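Single chain ahead, by itself, as structure tokens, in the form predicted on its own.
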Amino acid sequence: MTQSLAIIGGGPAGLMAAETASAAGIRVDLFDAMPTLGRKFLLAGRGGLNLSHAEPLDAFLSRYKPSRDLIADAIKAFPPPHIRAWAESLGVKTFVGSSQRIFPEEMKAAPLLRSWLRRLREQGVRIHARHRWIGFDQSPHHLLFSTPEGPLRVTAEAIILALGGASWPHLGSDGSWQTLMTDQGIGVHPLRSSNCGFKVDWDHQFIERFEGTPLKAVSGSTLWQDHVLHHRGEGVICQEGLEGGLIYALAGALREAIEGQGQAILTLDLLPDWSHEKIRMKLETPRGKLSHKNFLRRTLRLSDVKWGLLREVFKERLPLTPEALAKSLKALPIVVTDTMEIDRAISSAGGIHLDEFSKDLMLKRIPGLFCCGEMLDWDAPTGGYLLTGCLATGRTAGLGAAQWLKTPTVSA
């Protein structure tokens, strides 16, 4: 069985690679280990599929780490406006929300995925579900699969790997490809949790009271590479620590601090709409017979969970002067000790070193073998950046494979 192009992985990156290459006239066979394609894509869309983000391109590109030309060039060639046009070509209208995030009007992933798969079939892409790639046979152009009918050997002139990272492994991406790549001499940074929660050593009484409580109207900051990162959002108190959009946005910096120092400091501003001076002046109001908790609730509208965090950090040493307490409310230090496990993370960082690739995402050491999506060593926050990165690199790999196959000197 011989294919011009074999694509392994049926997530957004693999599907975009298949669409791009087949539109260029390449015969494509798409293999995936799961019974159906796009499972993580569908799960990500349950709360509203965030396709991309409408902020200016320079700001958009700054969200990606490491900030390298390889990823930036792929996104510049398929930026957010192009993603909107692509979705609408599938019959899915989009809109820009108040947060500048781009969503389908129906806020669902399923209609887009159905139209997308229909297009692939119309373009002649052959889909092979329940085909788990287990390695190479003698050379990288000979692929071994485990299938319900038994082992299968496939020879391909070109290959695109779109196997994802290691988050949500029950949906198909378990990171097992790392060993297969290193066995070929390819440099791989180990996959780690990204867009994830972080562990905090909470007191058991604090958890009994506040586990599952949302932490609203806060901002957070942390030191990263000699400058301070800020983000405003919401979090959730969980048994092991903190989760939520605010935490995910700072995850890369927190993770790097933990890897280098053993822990990181997340600084919370519990009253981001109040200046330090305004808080101090309010706190100078006579407290009378009110308890400290009720005084802060009445004068600052401080919620129970924010009061709980103050007590958790300071225990019985809560600052008493207006100046010191105002400072603490504006910069409450939370010690985070580790990331949550990778199977609970939204995405993963790490992957194949970017130096291993040519500009078209072909591995320099293995001509004809391309990679895309979360297999590459890049990281980005939620907010449409992850999906854009996968779609853009999938498109680049699809174009690269098509061009490589059309080059007269190519031979498997």
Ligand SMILES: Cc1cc2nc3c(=O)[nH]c(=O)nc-3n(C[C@H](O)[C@H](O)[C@H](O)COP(=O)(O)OP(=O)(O)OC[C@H]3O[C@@H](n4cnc5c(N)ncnc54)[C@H](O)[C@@H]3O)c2cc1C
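Since this is a predicted model, take the numbers as computed values, not measurements. Quick note: we count residues from 1 along the sequence shown, nothing fancier.
Keep in mind that the form predicted in complex with the named molecule is not shown, yet the notes after this line are about it.
*Asks:* Please pick, from 132, 255, 280, 311, the one residue with any non-hydrogen atom lying within 4.5 angstroms of the named molecule in the model of the complex.
*Replies:* Selected option: 132.
*Asks:* So which of 352, 26, 362, 44 gets a non-hydrogen atom within 4.5 Å of the named molecule in the model of the complex?
*Replies:* If I apply the 4.5 Å criterion carefully, the residue I get is 44.
*Asks:* Please tell me whether any heavy atom belonging to residue 390 falls inside 4.5 Å of a heavy atom of the named molecule, as the geometry stands in the model of the complex.
*Replies:* Yes, residue 390 is a contact residue.
*Asks:* Is there a non-hydrogen atom of residue 345 within 4.5 angstroms of a non-hydrogen atom of the named molecule in the model of the complex?
*Replies:* Yes, residue 345 sits close enough to the named molecule in the model of the complex that at least one of its heavy atoms falls within 4.5 Å.
*Asks:* Give a yes or no for residue 60: in the model of the complex, does one of its heavy atoms lie within 4.5 Å of a heavy atom belonging to the named molecule?
*Replies:* Residue 60 lies outside the contact set for the named molecule.
*Asks:* Using a 4.5 Å heavy atom cut-off, state whether residue 21 contacts the named molecule in the model of the complex.
*Replies:* No, residue 21 is distant from the partner.
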